[in-house]
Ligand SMILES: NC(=O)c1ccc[n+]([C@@H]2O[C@H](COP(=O)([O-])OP(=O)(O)OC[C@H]3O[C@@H](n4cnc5c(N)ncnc54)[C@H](OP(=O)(O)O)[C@@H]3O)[C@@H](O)[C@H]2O)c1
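Next up: a single chain in structure tokens, the form predicted on its own.
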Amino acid sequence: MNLQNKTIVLTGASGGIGQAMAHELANNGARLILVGRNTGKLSSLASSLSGEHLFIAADLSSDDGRKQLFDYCSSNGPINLLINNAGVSAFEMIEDQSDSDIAKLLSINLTAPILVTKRLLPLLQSSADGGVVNVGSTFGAIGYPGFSTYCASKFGLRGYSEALRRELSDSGLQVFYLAPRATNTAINSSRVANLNSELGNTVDEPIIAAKALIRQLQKNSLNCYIGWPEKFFARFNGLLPMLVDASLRKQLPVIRRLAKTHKD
């Protein structure tokens, strides 16, 4: 996919990965519609990018917010690509998560991308080379203790991406799935940082995910998993999950201890 002069809707634009993606997309000639909840942050981001870009503050977990986005894109289209990047995380044992927190996480990470895509689909289908990028996670292929609800949302997003790709295979739309590994952004608490440090997990800077996105789109690579050995374990878990069970059980005492510490 040639990004030059493409109009791209980027959700979660003011987050760590979102900002890095915005800069890389703009540097490759894309025209962006930046989406988030904070008008000030979006305005500041838009003014920092090369080229001219638009932004809209909207709560995509609400029907009103999704309609607001549709109307805005309709009046500023056509659009070529939707990047569902907005998301939240939670590092807690399941018994410590409130029902409302679980519902909120699933709404933002899974339900909202599905409904946003559905809402914008007519606009995307009017493009000769439109597409959707769903930003998932390594934890969309590996169930990890302490992140059960987050994993559920990302497993769901991965399955949705696969099914939607097949559903649209007779159209001009492509569906991409990008799976970053642990990334140094505000989505992760200090407890997650301590977990990665104690377990020796590699933590990427947001630019790594942003550059991977550009390569993925330019090469029309439908699935992209970032990092080694994470991409190996994602495949290995699908083939021999019991061996991964044994490996992660050894980490469980550390995971439990850090998940049970005081929240940030």
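A quick note: this is a predicted structure, and the numbers were derived from the prediction, not measured. In this text, residue numbers run from 1 along the sequence as written.
One more form of this protein, predicted together with the ligand, exists but is not displayed; see below.
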Among Ala26, Leu213, Ala58, Leu195, just one has a heavy atom within 4.5 Å of the ligand in the model of the complex, namely Ala58
Counting only non-hydrogen atoms, which stretch in 92-100, 70-78, 167-175, 149-157 is within 4.5 Å of the ligand in the model of the complex?
149-157
In the model of the complex, does each of Gly36, Thr185 and Asn188 have a heavy atom within 4.5 Å of the ligand?
yes
Wondering, does Lys231 line up within 4.5 Å of the ligand in the model of the complex on heavy atoms?
no
Taking the shortest heavy atom distance, is Ala13 within 4.5 Å of the ligand in the model of the complex?
yes
Taking the ligand as it sits in the model of the complex, is Gly130 near enough to touch it, meaning that at least one heavy atom pair lies within 4.5 angstroms?
no
Determine whether any heavy atom of Lys41 comes within 4.5 Å of a heavy atom of the ligand in the model of the complex, and answer yes or no.
yes
Contact set, 85-122 vs the ligand in the model of the complex - heavy atom within 4.5 angstroms:
Asn85, Ala86, Gly87, Val88, Ile108
